[in-house]
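Just the one chain here, laid out as structure tokens, in the form predicted alone.
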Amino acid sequence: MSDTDKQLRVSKIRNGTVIDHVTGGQALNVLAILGIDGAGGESVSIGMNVPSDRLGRKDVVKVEDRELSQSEVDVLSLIAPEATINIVRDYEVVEKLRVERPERVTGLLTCPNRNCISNANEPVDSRFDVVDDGVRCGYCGTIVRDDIADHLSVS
């Protein structure tokens, strides 16, 4: 049996987005960012912890009939900084881009500091500045490093 016969094959999508080179184990968080929980009937394919020359292991998420908004790409870049976004139309990749970390994200994360004004039922959206080692709350200065996905507030 050749190596190609041993590989799991996931069919191509006609139109939509392929998110490749996602940090291993983060595919379900990607779905949370996209607001996909299975109830909406979206057609989604996921490969988790598959071998990757670049990352060691990676996740791949394919979503049919959906292109990502910039805010979705921004928060995705925080949990999967090596990700690539492939836009597919008529079974062909028409655009391929790498995610870029934004300078700031607003309204997408919750601050872990219970005393932060963004958690006090005030009419403010959370605001985080993206720093080298994570994100820093724009109100109280709390830094979130490795567990950014635990603070997603997207639905």
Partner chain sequence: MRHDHLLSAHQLSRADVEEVLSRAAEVAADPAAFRDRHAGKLLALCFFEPSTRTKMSFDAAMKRLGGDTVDMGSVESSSVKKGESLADTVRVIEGYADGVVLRHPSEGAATMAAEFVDVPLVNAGDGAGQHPTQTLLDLYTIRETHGLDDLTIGVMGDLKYGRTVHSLSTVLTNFDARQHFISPESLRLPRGVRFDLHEAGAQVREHTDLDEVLPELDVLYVTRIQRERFPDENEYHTVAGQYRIDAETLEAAKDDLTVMHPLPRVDEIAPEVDDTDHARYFEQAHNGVPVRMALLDLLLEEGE
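Given the structure is predicted, the values throughout are model-derived calculations rather than measurements. Numbering follows the first chain given and starts at 1.
What comes next is about the form predicted together with its partner chain, which is not displayed.
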With a 4.5 Å heavy atom cut-off, would you call Gly41 a contact of its partner chain in the predicted complex? no
Contact with its partner chain in the predicted complex for Asn113, defined as at least one heavy atom pair within 4.5 Å: yes or no? yes
Residue contact check: Gly25 to its partner chain in the predicted complex, 4.5 Å heavy atom: no
Using the partner position in the predicted complex, report whether Asn49 sits within 4.5 Å of its partner chain, counting heavy atoms only. no
Out of 91-99, 114-122, 59-67, 29-37, where are the residues with a heavy atom within 4.5 Å of its partner chain in the predicted complex? 114-122
Residues in 115-149 with any heavy atom within 4.5 Å of its partner chain in the predicted complex: Asn115, Cys116, Ile117, Asn121, Glu122, Pro123, Val124, Arg127, Val131, Asp132, Asp133, Arg136, Gly138, Tyr139, Cys140, Ile143, Arg145
